[in-house]
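Okay, so here's just one chain, in structure tokens, the form predicted alone.
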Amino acid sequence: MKPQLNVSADDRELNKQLCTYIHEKLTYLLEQSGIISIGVSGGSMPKVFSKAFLHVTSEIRNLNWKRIRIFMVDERNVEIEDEDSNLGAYLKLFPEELHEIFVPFPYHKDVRHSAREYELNLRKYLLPEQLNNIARFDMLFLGVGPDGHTASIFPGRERLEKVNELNWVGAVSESPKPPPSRVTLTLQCIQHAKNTAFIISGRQKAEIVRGIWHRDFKYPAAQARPYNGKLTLFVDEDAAVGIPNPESGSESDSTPPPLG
């Protein structure tokens, strides 16, 4: 199954496309029962996601905020006040009365301790549906690096140190990108998500977009495609040149390699 592709000419068009996507998914999920779990990454994502999400939710009447929880797909192992904190970046963009919808990130000097406690928080606050003991989060919003990494899963380092038996979260102690200590969802957990969206911009990432489209597994971002095939790409025109012919381009039907 090919990803759903959205190409934008500018930031306004991207925001419009993203609002449509969030509204469609959120409306459906609100008709179901249980906590709605939304995972977000860092980098440029906080500004892009927050603008669209807050606009969409402002137009939903009688929204029960107690059903919505946002969590970090990956986090730098720093305190929330640190300028490198992904969670801190989101809290600066959300009104204070909505800070409670974010799953807390527990900082400890030992990143393995942070990872263990963060996984416990995900289980406690989200109560996600599980398949073979792996969480199935409702929505993930991911970015990519120019090396093809996504979350804090870097090329050649897809197998993370196991910190808990369920292995939803892993610890990264020597990230090739600073800061070196990070906590991230494992690749197998990302692969079990119900809906996954990549937001990618820039000509320097066109080759990564091509890799995601054609399932080139040398890039962790290409391995992050969910098993159910529900992958959406939001790319600008520069990044879209990585897809020669979206209408007829072929792609592999192979599945991501198991990570166990």
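The structure displayed is predicted, hence computed values, not measured ones. Heads up: residue numbers just count along the shown sequence, starting at 1.
The protein also exists as the form predicted together with a small molecule; that form is not presented, and the subsequent description refers to it.
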Ala151: touches the small molecule in the model of the complex, heavy atom cutoff 4.5 angstroms: yes
The small molecule contact in the model of the complex: Leu140, any heavy atom under 4.5 Å: no
Partner contact for Gly211 in the model of the complex: the small molecule, 4.5 angstroms, heavy atom: no
Residue contact check: Val172 to the small molecule in the model of the complex, 4.5 Å heavy atom: no
In the model of the complex, segment of 174-182, 94-102, 130-138, 107-115 with a heavy atom within 4.5 Å of the small molecule: 174-182
Of Thr57, Ser50, Ser44, Asn228, the one that lies within 4.5 Å of the small molecule in the model of the complex (heavy atoms): Ser44
Contact check for Arg76, Asn86 and Val144 against the small molecule in the model of the complex, heavy atom at 4.5 Å: yes
